[in-house]
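The chain below stands alone, shown as structure tokens; this is the form predicted alone.
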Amino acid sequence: MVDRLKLAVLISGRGTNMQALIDACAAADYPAEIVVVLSNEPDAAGLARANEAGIEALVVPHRDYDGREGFEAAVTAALAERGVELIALAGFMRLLTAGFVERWRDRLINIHPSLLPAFKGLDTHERALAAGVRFAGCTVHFVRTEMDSGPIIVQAAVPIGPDDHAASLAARVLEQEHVIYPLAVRLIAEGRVGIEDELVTVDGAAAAGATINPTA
């Protein structure tokens, strides 16, 4: 059997995107496995999800360290000890230093609830509705030092309806997050993802057809 990519998932909360990755990794033909779930918050609900799946759940409390560098050194040591090859941020609510990002460059990915580069940061759904855009969505990208930036791997677009509000839109976008995060990890694990001039190339990829919103 071909070795599966060793994946770490970093969380701070409930871990719904982590659960989508756990579910994907449960398939025999999925090319990655989660070797550790790490949280900076001891009471993160996602730790119980990891334990239920038989995955090591590790806590590295950021409050135990004087600064970000010490905390990140402990995280890096824990991940390196477990042979981690790819890190997936899944609701990990800590800003990462340039040193950590560069240490794991092109092996550190994130999911964001907007169609980047639009609506970086927080309150993405409220801002999309206020801007009057016809599509919202989500993005999986490689992490760079600037917040919510980096080469884009996969995106999913979600039409915005006339009766949408932030909560309803967020729920539909989250459904697509659970689709594209496992897809992005699969593409990386299969060796199909490359980066050229800070743009992602995907071997054998095909684009979906056009979607119009609103329709006549």
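Just so it is clear, the model here is predicted, and its values are computed rather than measured. One-based numbering along the sequence shown.
Heads up, the form predicted together with glycinamide ribonucleotide isn't pictured, but that's what we're talking about next.
- Only one segment in the set 98-106, 79-87, 112-120, 126-134 has residues whose heavy atoms sit within 4.5 Å of glycinamide ribonucleotide in the predicted bound form; it is 112-120.
- In the predicted bound form, glycinamide ribonucleotide sits within 4.5 Å of a heavy atom of Leu174.
- In the predicted bound form, glycinamide ribonucleotide sits within 4.5 Å of a heavy atom belonging to Met93.
- Among heavy atoms of Asp148, some come within 4.5 Å of glycinamide ribonucleotide in the predicted bound form.
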